[in-house]
Structures are given as C-alpha cells and as structure tokens.
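What follows is one chain in structure tokens, specifically the form predicted alone.
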C-alpha cells in the first residue's frame, strides 16, 4: 500500500535543506509526498533560534490533532526537537516521534517504530551525509552542506547545543555531491555551513574554504557558486581573493556583524572588534569589484546602552550594507546570554529597531538605485508571485529583478537584463538576451 508523507519546515536554509534530505530518503523507500490532511505521516522540521519559531511550531502542532485522530504519525525533528527531547511530547502528547538533528538519515525506520509506539531519538553520535538522497525543491539550484555544527559558542546562540560541534565533510565528498547536482541540471550551487570559512580547519589544521571555491570553480565552469554563512573572525584575504579570481563565485557575501560596539561584541563572544570588521568589509570591497555585502544585526542585547547602539548605527553607515537582516534579542534557554537578563526595555528595543530599519532601508534603496541603467546577468527563478505577468530572477549580487514574462519558459535559465528601475527591495528590468 502506498504510504504518504507531508513535510512542514520552519527556520533557516539549513532546515530547508534537511527537509530535502528527509523527502529524498522517504521517496527512496517508496513514500509519496502529499498534503497533511491526507498523509500517513506529518513531519515537522523545526527551529529554535528565535522564540517566535517555537510559538509557530506549537501552534501548528495543535492544529494537527485532527490529522492525528485520522491515524497519521506526527513527527517533530530538527533543532527544537534536539533541544526539547521528551519535554516536547509532554507539551504536545499527540506527537509520536521526536528526532534530533543527527537522526534524520534513519527517518523511514523511525516512522515505522513510531507507528507502533512513541519514540524519542536525539543522540548526537555523528552524522554522515555521503550517499544520502536529496529531493531538490528546484531543479536549477541546490544546497550542499560542507560543515555541520558549530564551535563558536556565541553567548546568545543555541546552535552549537542542537547541531553539535563543527565537523567538515571531506573535499572529495563535497565534489561528488556537487557533481551529481550539476549533472542533474543545477545552474547554481549554494554551500552551507554555520561557518563556511573554517571548512576543514579542525581536520587539516588550516581552512580549505578558499581552496574549495577555486576547485569547484575550475571543476564546474559556468555554474554559479554562493555560500552562507561566513564568520567575520575567519573571513580573510585568501577567501576574498578566491571570490575575486573565480568566475563562478557570485559577488555577494553575507557577513553577520551583529553589533557595532566592542563592548557588546565581547559580551556576545564574537571574537572580533568593530575595527577588525570594518577593515575586512573595506578590504572585501577593494578586492572584489562591485561586491554586495549583507549582514545580520541584533538590537537590545543585554546591557546595550544608547552609546552602544549609536556605535552600531555608525558601523552600518560606514560599511554601507546592501542588505541587512535585523532582529531583536530574545533569550534562548541554555545559552550564557540568557543568564544576563533581558534588561533593555521593550519600548527602547522598538525605538532602536525603528531607527536601525530606517537606516538599512535607505542604504538598500541607494544600492538598488545604483543598479539602474546597468546590464546584469541573472538566474530566473520563475514567475513573480507579485505579478504573474513577470519573471523574477536574481542577479549575481543577489538582487531580485522583475522583467516582462515571455511565452518561452525561462525558469532556471541564465539571462542578461538591463535594469530600468528600482523599488524598495527589488529591481525592474528588460530582457536583453537569454544566455543559456
């Protein structure tokens, strides 16, 4: 009898990629994906980096009680499952399976066991990805994990506790997986890791990330390469030059700064100061022509003063980030920062967030306006969700650009677009030619 599963994913690109693995593994065993209402198993891949993600997860679980009553197995995996373990079932007793971040390779057998009785599997005894199938959401681009876990232990971050210590995959294994995706039609490869810049450092005594970029670029000419996330402490001149000298590597770097105050950065355990970050940001712009730089910024870390916050605004202005992802600190249980107390009043956080958002939006608008009149290569992602009469593509600098839709299906195709206008978050353009 055909077995059906449904996947619900919360959180970051790591979790989305884990879901692709889960789907690939189950389809290899004969399962077929469907909607939750008609599934034999509903699998939720969870996030616990933000409190809001946990609230969404439990709200969604409550809504699955009717599906459970029809006989479906309810399974919760990912970061929140790793953190909570059996406590998750205490809060949501209708959950049949709790599985951690290292356990999804055995998802098929875990679901079979959970159909006979509740299961909690959260051991972190190593994770091997070699040979695991992956059901890509899009044929034209893929995500490839190069490191698992994290050794940084930033004081506010729960990731090392739920993803484990850092482990890099062998170079040959990464090349093998990228090759399989490219053979299957991938035009863009996204390398994933909590800290891609430390790739193979633990195993070989030095980072091989710059080498990896160069090797992938020469092995798969014409394929776009992107990566996330870099850590400012480990992002160095060698990586910058690999980006500049490897044609396939896109001119876009996400380099989370988190704060612009040395005092706050030290309390966060980030391992660098504001001057070091600024020097690297300026060096990147010198080394990589026309690069786009994005970042993450936290507001309201415990003890953050007005002076600290002004230092963040000054650094943002100096770096002139093309894109910034901003968020308010909320304490995560089990992290050192949770013991500091959430002492910045909510109204102060809101005010600072509004001021920061105003600045980052202005910088983004200026960066987009500077694109007008230029011709850019872009990878078409498909019809625009805002207006079905337009295609949406992303340039090498990761800017979305919308242009008039043609009869020919351009999804997954490389095109050249002349930028004719700029909005608050995206570009408008005119198709010049289809490149391939």
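Just so we're clear, the structure is a prediction, and the values are computed from it rather than from any experiment. Positions refer to the first chain, counted from 1.
In what follows, reference is made to the form predicted in complex with a small molecule, a form of this protein that is not presented.
Item to check | Listed residue (250, 72, 157, 242) with a non-hydrogen atom within 4.5 angstroms of the small molecule in the predicted complex | outcome: Exactly one residue meets the criterion: 157.
Next on the checklist: Please tell me which of 271, 336, 256, 179 lies within 4.5 Å of the small molecule in the predicted complex, judged by heavy atoms.
Outcome noted: After the contact test, the surviving option is 256.
Item to check | Option from 385 to 393, 24 to 32, 398 to 406, 45 to 53 whose residues, in the predicted complex, bring a heavy atom within 4.5 Å of the small molecule | outcome: Comparing against the small molecule in the predicted complex, the contact stretch is 45 to 53.
Checklist entry - Taking 4.5 angstroms as the cut-off for heavy atoms, does residue 329 touch the small molecule in the predicted complex? => result Residue-level check for residue 329: yes, a contact with the small molecule.
Checklist entry - Heavy atom to heavy atom, is residue 229 within 4.5 Å of the small molecule in the predicted complex? => result So residue 229 counts as contacting the small molecule.
Item to check | Partner proximity in the predicted complex: residue 194 to the small molecule, non-hydrogen atom cutoff 4.5 Å | outcome: It does: once the small molecule is placed as it appears in the predicted complex, residue 194 has a heavy atom within 4.5 Å of it.
Checklist entry - Heavy atom to heavy atom, is residue 298 within 4.5 Å of the small molecule in the predicted complex? => result Result yes; residue 298 sits at the interface with the small molecule in the predicted complex.
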